[in-house]
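What follows is one chain in structure tokens, specifically the form predicted on its own.
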Amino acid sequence: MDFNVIIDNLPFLMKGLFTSFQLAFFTIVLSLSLACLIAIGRISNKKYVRYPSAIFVNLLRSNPLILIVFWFFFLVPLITGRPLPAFGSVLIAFVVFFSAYFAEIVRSGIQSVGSMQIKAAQSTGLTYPQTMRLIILPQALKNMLPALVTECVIVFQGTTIAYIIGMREFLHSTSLVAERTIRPIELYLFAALVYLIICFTGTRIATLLEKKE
């Protein structure tokens, strides 16, 4: 085996890895923000808020990620009349999809705090949004942190889906080099090692956080 092909193409491969990290980072930040709103909607006493939130979560969790990517990449241009950049369409699809999963984690975290604290906070004059933002969510974060870290690892793994629409994330970059150099074994072994290191580190962090609880 000739692993010099990896060294020779390392800048190109690292550019793809950086794109994967970019996609994962923006997905996590944006989908978590959306997930907090959906999770609060899921536990709302108002049916017109709770039902749409539940439908959103169940609809997204019942479909594969690859199908959601196809929806935004192929259907949105038909509706808007203009194509979306590959990164933009994948990011929107990822945010919509993973917000449903993050929302269930956040909902479980909020419910683990208990309704008595909500009532106690509101009795002091805080509004419901203030109670959630200042009292409940900070406490819930500790309970849901291990699950959030695990889901973040899944998000990073999911960036490989962008391969199907030609976005040059890490796996696509690896594939391009493998085709050009005709050294698929070395390159795909390297890709597997990179994903193993990153994902194993993430899962170990999640495990350590669980043990600290």
Partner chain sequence: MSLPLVEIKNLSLKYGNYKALKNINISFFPGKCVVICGPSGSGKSSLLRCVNKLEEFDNGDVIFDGQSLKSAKNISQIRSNIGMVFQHFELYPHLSVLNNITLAPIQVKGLSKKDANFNAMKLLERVGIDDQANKYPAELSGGQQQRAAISRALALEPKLMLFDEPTSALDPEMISEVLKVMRDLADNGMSMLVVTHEMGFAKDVADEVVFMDEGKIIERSSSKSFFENPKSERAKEFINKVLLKI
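Just so it is clear, the structure is predicted and the values come from calculations on it, not from any experiment. Numbering follows the first chain given and starts at 1.
There is also a form predicted together with its partner chain; it is not shown, and the following applies to it.
- The stretch that touches its partner chain in the model of the complex, counting heavy atoms within 4.5 Å, is 134-142, out of 104-112, 87-95, 134-142, 69-77.
- In the model of the complex, Gly125 approaches its partner chain with a heavy atom inside 4.5 Å.
- Although the partner is absent from this view, Arg82 stays clear of its partner chain in the model of the complex, with no non-hydrogen atom inside 4.5 angstroms.
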